[in-house]
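Form predicted alone, single chain, as C-alpha cells, below.
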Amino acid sequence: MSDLIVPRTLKGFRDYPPELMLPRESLMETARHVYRSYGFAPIDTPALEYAEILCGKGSDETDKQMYRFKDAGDRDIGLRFDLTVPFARFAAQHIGSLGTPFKRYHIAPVWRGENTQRGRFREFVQCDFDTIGTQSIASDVEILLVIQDLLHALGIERFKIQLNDRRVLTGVLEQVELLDQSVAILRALDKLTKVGAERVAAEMAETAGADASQAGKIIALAACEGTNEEILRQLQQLTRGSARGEEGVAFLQQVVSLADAAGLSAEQLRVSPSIARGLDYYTGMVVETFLDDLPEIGSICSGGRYDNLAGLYTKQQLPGIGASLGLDRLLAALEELGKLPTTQTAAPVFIAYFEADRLADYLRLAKSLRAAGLGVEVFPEPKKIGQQLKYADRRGFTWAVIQGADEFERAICQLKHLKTAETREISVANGPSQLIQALTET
C-alpha cells in the first residue's frame, strides 16, 4: 500500500507555473506604476479580519461565500472577500494620521467560496485603487481615467467602460414603489446580462414581490439604448419627478462631459443603465469594464462610490470611490485569447556551460552582464551544447552566449538569437563591453 499523498489542489484554487506567473507579476507591476502615477499610495491589511468587520457589508451572497471559522482563541474570524471593506475599516482606524483625501492602492488575494466558472476562482488577486474622504466629482472621473490608462498600459485597446449611478435606479424604484426592496431588486438587475430579462423578472417577483408591471419598468430602464446623449435623455424622462433619480442623471451627464474633456472617448465610455453592481455598499456611480473580444468572461475592472461604508466603523464622514482590476479574471481572458507570452524565464540571456573547467569564467561573465542590468542564467551542468540550447529554447530565452575551448582561445563568444537562429562572433578580449552593447542595443 502506497503512503504517497495524491498531489492535488482544492476546487476553485489553482497553481501558477512560470508561463502564467511571469505575466501575472508583470500585470501587477504595470498596475502599481499606473496607480502611483495618479498619486495612489500602497497599503496592506491582514487576510483575516474579525467576522463582524466583514459580515453584512457586501451582500447576503458574500456572507454565504465567506470562509469563516473560530480560531484557536475562539475568536469569530473570516478571510476577506474583497479589499474595499478592509480598507473602510483601515481608514476608520488610521484616518487621523493619514488625513483626507487619502488615496490608496492594494494588490492582494481575496477569497470567496462561490461556484467556480469561467474566469472565476475561489482565491483570486484584486488590484484596488480608492480615494476616501471626498465627494468631489473629480475623484469619480479620475477612477475612469485610471481604468483607461491601466488597460492601455496593459496593451488592451478594445474595451468598454460601462457607467451607471445607483441614484438613477433608486429614482425608478421610488416611482414603482419598491424602494424598500432596493437590495433584492438591484441584485436581480445585476444579473440581467447574464440570465436575461425573463429570469430577472422572475427573481424580482420571488425576492422583492415585484409584479409584472413593476419589473417591466425597471427592466425597461436597463434596456435604454443609443449614444450616451440619447440614453441620458431617456433616463431624464424615466426619472422625472424623482429628486434622487434626477440627481443621478445630472451627475452622469457631468461625468461623461468631464471624461470626454479629459480624453476618454465615447467609444470606450458608455452609459449603461443595466449596471447595478451586486454589492450593497455602493451609493452612487458604479462602473464595470468588459473586453470587446471576450465580453462573456465578465467585468475585468469594476467599482463605484461607497459613501456610507466607513461610517459603519466611525462617526467621521469618510465617503469613498474606487475600483478594482480583477487580475486573475483578466489573466484567464488573455490566456483564452492567446495574448500571453509563452516564456518560462524572466532572464533574456542564457550562458551555456560548455567547458567543465571553465565554470569560474562563465560565472564571472554572468556577473558582469547582471551588473549591466541584464537577466542571465548559467546552465548548471556541462552537458552537450544541443541539450542546453534545447533547454534554453523551451524556456523562452532570447539570447544564448556560447564559449567553448576554441572561443576561449580566440577571446570571443558566439551570440545566438534563439528566435531567429542568427549567430555572430563578439570579441571579449577587452572584457564584456562589446557583448553588453550587442545585448542591449537590440
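So that there is no doubt, residue numbering starts at 1 and follows the sequence shown. Whichever C-alpha set is largest while still superposing within 1.5 Å between the two forms counts as the rigid core. In this text, all values refer to a predicted model and were calculated from it rather than measured experimentally.
The protein also exists as the form predicted together with a further copy of the same chain; that form is not presented, and the subsequent description refers to it.
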Query raised in the report: Taking heavy atoms and a 4.5 Å cut-off, does residue 409 contact a further copy of the same chain in the predicted bound form?
Result: no
Query raised in the report: Contact between residue 17 and a further copy of the same chain in the predicted bound form at 4.5 Å, heavy atoms?
Result: yes
Query raised in the report: Does a further copy of the same chain get within 4.5 angstroms of any non-hydrogen atom of residue 102 in the predicted bound form?
Result: yes
**Report entry** residue 96: touches a further copy of the same chain in the predicted bound form, heavy atom cutoff 4.5 angstroms
**Finding:** yes
**Report entry** Proximity to a further copy of the same chain in the predicted bound form (heavy atom, within 4.5 Å), stretch among 222-230, 167-175, 354-362, 199-207
**Finding:** 354-362
Query - Sole residue of 212, 243, 261, 195 within 4.5 Å of a further copy of the same chain in the predicted bound form, by heavy atom - result: 261
Report summary line: If we test each of 248, 326, 322, 133 for a heavy atom within 4.5 Å of a further copy of the same chain in the predicted bound form, the one that passes is 133
Report task. Counting only non-hydrogen atoms and a 4.5 Å cut-off, give the residues of 21-40 close to a further copy of the same chain in the predicted bound form. Result -> 21, 22, 24, 25, 29, 32, 36, 37, 38, 39
Report task. Could you tell me whether the Cα atom of residue 311 shifts by at least 2 Å between this form and the one not shown after core superposition? Result -> yes
Query - Cα displacement of residue 49 between this form and the one not shown reaching 2 Å, rigid core superposed - result: yes
